[in-house]
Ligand SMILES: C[S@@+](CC[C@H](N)C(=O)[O-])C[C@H]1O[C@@H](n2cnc3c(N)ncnc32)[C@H](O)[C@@H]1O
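Taking the form predicted on its own, here's one chain by itself in structure tokens.
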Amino acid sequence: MRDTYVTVTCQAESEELCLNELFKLGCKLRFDRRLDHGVMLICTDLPFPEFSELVRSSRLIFLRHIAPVDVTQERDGDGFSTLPTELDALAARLDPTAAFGVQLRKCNVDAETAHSLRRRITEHLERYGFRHDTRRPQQVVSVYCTEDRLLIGLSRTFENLSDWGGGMRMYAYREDTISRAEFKLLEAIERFALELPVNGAALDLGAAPGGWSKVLLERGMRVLAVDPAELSPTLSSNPNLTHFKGLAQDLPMANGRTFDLLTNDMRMDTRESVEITNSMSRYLCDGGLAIVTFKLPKKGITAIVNKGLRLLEESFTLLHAKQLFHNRSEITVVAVKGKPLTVGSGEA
């Protein structure tokens, strides 16, 4: 059986953590090379669909995206002149009933060259009658472009772990964007297919300047924001927002008051943050979700994460733990109070 080459993507500072997780999968695996910051090429003895299934069932935290490498195209004097021949072979494997997309990532290649290559590949495959869909493709032609070669592969979209090339989910800054932290919560909701209760109540710990509260308010929730610091003035007139300007530990709570969702993006030691989350779980209704970020230290990350997850399990059932694209030195954890609920098919 021929070896399968796969590009793997993670946060740049998490490469070692990502590889350590991969090498614990139990399959034959070899590191081939580092392509760029947070992008590596590995080799496995499993066909890509089987490797993807193993990865998806293993609930890895630091791996963000994978893509097969079926073809390696060297740059020549005419700039990948034999590409059409390689694409013809790839077209023979495309499913004519499923829309395709082209996801191209690049390293040390100018934007014009990358755009031209993407268009060239797309138009070539469209000549065969295949339907191109940039928003919701069911199959993906993944292309990684360097100064001297192309790495090209074909897979089903779900096999790559993320619908977005490299797992890089982009959100546009708007005039009313309060902080980049909003994107972390937006990505978690989308990636894990979380359904937030409309007209539900949310307890937002470490809320300032209010990015997460804003996202929850936009989804029709009533929010109690807890933080000693001020919230953005843009939120001050929202009737569904209450700001307790103090510490979570000092929060006065009316008897019997409960919340449907607890969020915690506090900048503090993971253990302390989880202990506060556990203590506040008594105000969360059974089946309520908790979305928590674990801030990572510079050393001993694996031990800290494992300890934090075990501690959180004292009050919750874990659903997801992942370093998302919009996380930096942190991971996002989603848990449910009581028995797990069906929250969608998002990857763990």
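Every value quoted in this text rests on a predicted model; they were computed, and no experiment measured them. So that there is no doubt, residue numbering starts at 1 and follows the sequence shown.
Keep in mind that the form predicted in complex with the named molecule is not shown, yet the notes after this line are about it.
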So, residue 134 and the named molecule: in the predicted bound form, are they within 4.5 Å at any heavy atom pair? no
Mark residue 167 yes when one of its heavy atoms lies within 4.5 Å of a heavy atom of the named molecule in the predicted bound form, and no otherwise. no
Contact flag, residue 89 vs the named molecule in the predicted bound form, heavy atom cut 4.5 Å: no
Contact of residue 240 with the named molecule in the predicted bound form (heavy atom, 4.5 Å): no
Looking at 112-120, 94-102, 207-215, 79-87, which lies within 4.5 angstroms of the named molecule in the predicted bound form, counting heavy atoms? 207-215
If the cut-off is 4.5 angstroms on heavy atoms, which of these, 182, 275, 163, 159, is the one near the named molecule in the predicted bound form? 182
Among the candidate residues 107, 247, 253, 193, which is the single one with a non-hydrogen atom no more than 4.5 Å from the named molecule in the predicted bound form? 247
Contacts from 213-233 to the named molecule in the predicted bound form (any heavy atom within 4.5 Å), listed N to C, are 226, 227, 228, 229
